[in-house]
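Single chain ahead, written as structure tokens, the form predicted alone.
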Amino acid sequence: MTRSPLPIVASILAFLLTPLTAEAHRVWLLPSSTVLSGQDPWVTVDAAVSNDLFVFEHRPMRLDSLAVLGPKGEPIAVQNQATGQFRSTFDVQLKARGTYKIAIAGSGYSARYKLKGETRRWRGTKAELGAAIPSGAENVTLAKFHNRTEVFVTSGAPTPNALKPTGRGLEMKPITHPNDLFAGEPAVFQFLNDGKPAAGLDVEVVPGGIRYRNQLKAMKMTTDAEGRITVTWTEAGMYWIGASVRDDTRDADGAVSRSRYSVTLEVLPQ
């Protein structure tokens, strides 16, 4: 039985237009390990959207825009991709020593409107925008979006090439290497929006294991004039960092701008 794409599109749009708050679903990548050694290291990555961090209980992430960069910034093949009811998963073989960037990133336009009293939604590219909204549509809301979810893994010693930002949308530029994090030590990260420092950006830092404690333990931070935050890790474990920006100034197409970013980091014990 063929599934209609409309429910999937609707859920994607709802996610894209929902602000990053403590109550919202979070999107994340979870690697089997972030620091590896040995002659033939592999990493398995889960990709999902959930209320409880790193728990499979809502829906999978789609892998259409998955990309991996190797230690020299070169594209790396992904193997064994699969998508189930609550998560997607894939494997990456780390053939070369150094740091890899694993990311799911996408950009485009989304619209919501009413036609003959019925609410409809659309998502696509700018090239498709002209024919996307039918004549007679009312209450049209148009947004251009850029969303990025990342994780970094290192085989052997950390290297810097894969850490370079793309200059598109909201991104994190690690000042402290993301695979060199230890409990009790400070780490510095810079946030950029379209390649420029994102000053005054609200950032949320949440340790994993939400399901097994009564308090979220989220750290609410705001970037400085250079777009930087300093995080001192309270304990070892996996952490999720997320932020979003919105600009309600309409462009030539009448679209507002939305961008979101999230990353999973592993903090090691001293």
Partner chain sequence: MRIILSAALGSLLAGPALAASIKAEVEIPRLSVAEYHKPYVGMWIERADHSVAANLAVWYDTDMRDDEGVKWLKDLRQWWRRIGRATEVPIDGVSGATRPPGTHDVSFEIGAKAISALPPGDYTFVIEAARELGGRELIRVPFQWPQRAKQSMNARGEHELGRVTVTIEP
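Since we're looking at a predicted model, the values are computed, not measured. Numbering follows the first chain given and starts at 1.
The same protein also exists as the form predicted together with its partner chain; that form is not shown, yet it is the one meant from here on.
P165 falls outside the set of residues with a heavy atom inside 4.5 Å of its partner chain in the predicted bound form. Its partner chain in the predicted bound form is approached by A157, whose closest heavy atom lies within 4.5 angstroms of it.
Proximity of T232 to its partner chain in the predicted bound form falls outside the 4.5 Å heavy atom cutoff.
Though the partner is left out of this view, S37 does reach within 4.5 Å of its partner chain in the predicted bound form, counting heavy atoms only. Contact with its partner chain in the predicted bound form, defined as a heavy atom within 4.5 Å, is made by none of E204, V206 and Y239. Only one of E185, E128, D194, D91 comes within 4.5 Å of its partner chain in the predicted bound form through a heavy atom, and that residue is E185.
Checking N179, Q190, N147, S110 for any heavy atom within 4.5 Å of its partner chain in the predicted bound form turns up a single hit: N179. Picking from 37 to 45, 218 to 226, 58 to 66, 241 to 249 the stretch near its partner chain in the predicted bound form, with a 4.5 Å limit on heavy atoms, gives 37 to 45. Contacts with its partner chain in the predicted bound form, taken as any heavy atom within 4.5 Å, map within 250 to 270 to L268, P269, Q270.
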